[in-house]
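Here we start with a single chain on its own, the form predicted on its own, put down as structure tokens.
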Amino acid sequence: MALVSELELPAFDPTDPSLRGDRFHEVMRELGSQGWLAKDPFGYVVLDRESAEFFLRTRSAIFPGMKIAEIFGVSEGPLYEEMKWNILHINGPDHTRLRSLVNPALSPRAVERYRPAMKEFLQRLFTQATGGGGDGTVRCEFVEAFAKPYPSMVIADVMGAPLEDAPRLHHWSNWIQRQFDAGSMASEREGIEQAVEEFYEYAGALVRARRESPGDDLISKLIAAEEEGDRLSDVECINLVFNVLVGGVDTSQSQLAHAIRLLAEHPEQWALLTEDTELAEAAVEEALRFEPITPFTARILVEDVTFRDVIFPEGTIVLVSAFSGNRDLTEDERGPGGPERFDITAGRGRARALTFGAGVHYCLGANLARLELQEGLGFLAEHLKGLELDGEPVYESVSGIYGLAELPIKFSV
């Protein structure tokens, strides 16, 4: 047995601003070649699948959200209330109860009802991007034209909010997500607090309206949800809506942008998808595996943990690398090109990606996100002919949600 602090480990800094694009991949390959564990400025990084799943699943580790609140002195006000009620930060029986009430509203069968609206939104965005039709080459910036508006339109529909509120929902989600980034909490806390306060007021009004006049939307389903006579309070309902918003806009935007980038960089894969749009589901799974937009997920230990004869003391922060864990495949899953090949026909299996996490805190909206991405890639494969990059992608930081600020593309219609 050895204390983790006694080990000689390679150093890794996930906040390094140069870690993006090809350099990020190169650094992670080199790090993984040195073993399963590395040291970072805040704690430790686990790199293979087994260790990743262990620390995501163990009840001895929790999401360190309230530790972030403590570090930055968040002890009252709307942001503190949001952090306290965030389902990521709730554990034990309270978490089990909330999940049992909300899961039916976001089951694979339940989210199918949003498929027609997704198609309608994609058609609307395509018409706007192409100027209403006609033949010829179209150039656009994909993030602004498709990836950014599409998820917020879907979330508006899911919530039963007016479609014209989608840009406001995107704004709030983008700001509130920054609570998970230490740099943003240090420099942009006022903006985060304001976004939380504004969305609480907005969501509270929606919940009150749905109690008086229920509809066929997520809020109405949450209000009606019942488990052994138990129901959600208004505070719980509003905060679950909060979780769906924050977890379902920037994330889907970023994953869709990366998926289109990968397909544009691999024209043979795009050709396969355009020839058979039934491959959209496989394309989504491969994009989730190959370029996870949550490359790292933090956990903090609530008691001493021993794993592989290494003792991790209580209070240790462990960063789980979905990026490298997603590449730790069995022989059957590796495919002819290995884990570093982007291949939508490799048949690697949807359950292997760690992008949505694992264990009790597995992503609440994973079914909705998968459907949204499948519809997005299927529609775009039918309508964007000869997809190509039309300039260099602009990558965002891998610390937090790993997205693209810009993705210039061109295609013909």
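All residue numbers refer to positions in the sequence shown, first residue = 1. A quick note: this is a predicted structure, and the numbers were derived from the prediction, not measured.
Just so you know, the form predicted in complex with a small molecule exists too; it's not on screen, but the next bit is about it.
J.: Can you pick the stretch from 162 to 170, 323 to 331, 91 to 99, 190 to 198 whose heavy atoms fall within 4.5 Å of the small molecule in the model of the complex?
T.: Single hit among the candidates: 91 to 99.
J.: Report yes if any heavy atom of residue 355 sits within 4.5 Å of a heavy atom of the small molecule in the model of the complex; otherwise report no.
T.: Because a heavy atom of residue 355 falls inside 4.5 Å of the small molecule in the model of the complex, the answer is yes.
J.: Find out whether any non-hydrogen atom of residue 361 is located within 4.5 angstroms of the small molecule in the model of the complex, and reply yes or no.
T.: Residue 361 belongs to the contact set for the small molecule.
J.: For residue 42, is any heavy atom within 4.5 Å of the small molecule in the model of the complex, or not?
T.: Contact check for residue 42: no, nothing within 4.5 Å of the small molecule in the model of the complex.
J.: Quick check on residue 277: any heavy atom within 4.5 Å of the small molecule in the model of the complex?
T.: No, residue 277 is distant from the partner.
J.: So which of 130, 316, 243, 220 reaches within 4.5 angstroms of the small molecule in the model of the complex, heavy atom to heavy atom?
T.: Contact residue from the list: 243.
J.: Could you spot which one of 258, 289, 299, 148 gets a heavy atom to within 4.5 Å of the small molecule in the model of the complex?
T.: That would be 299.
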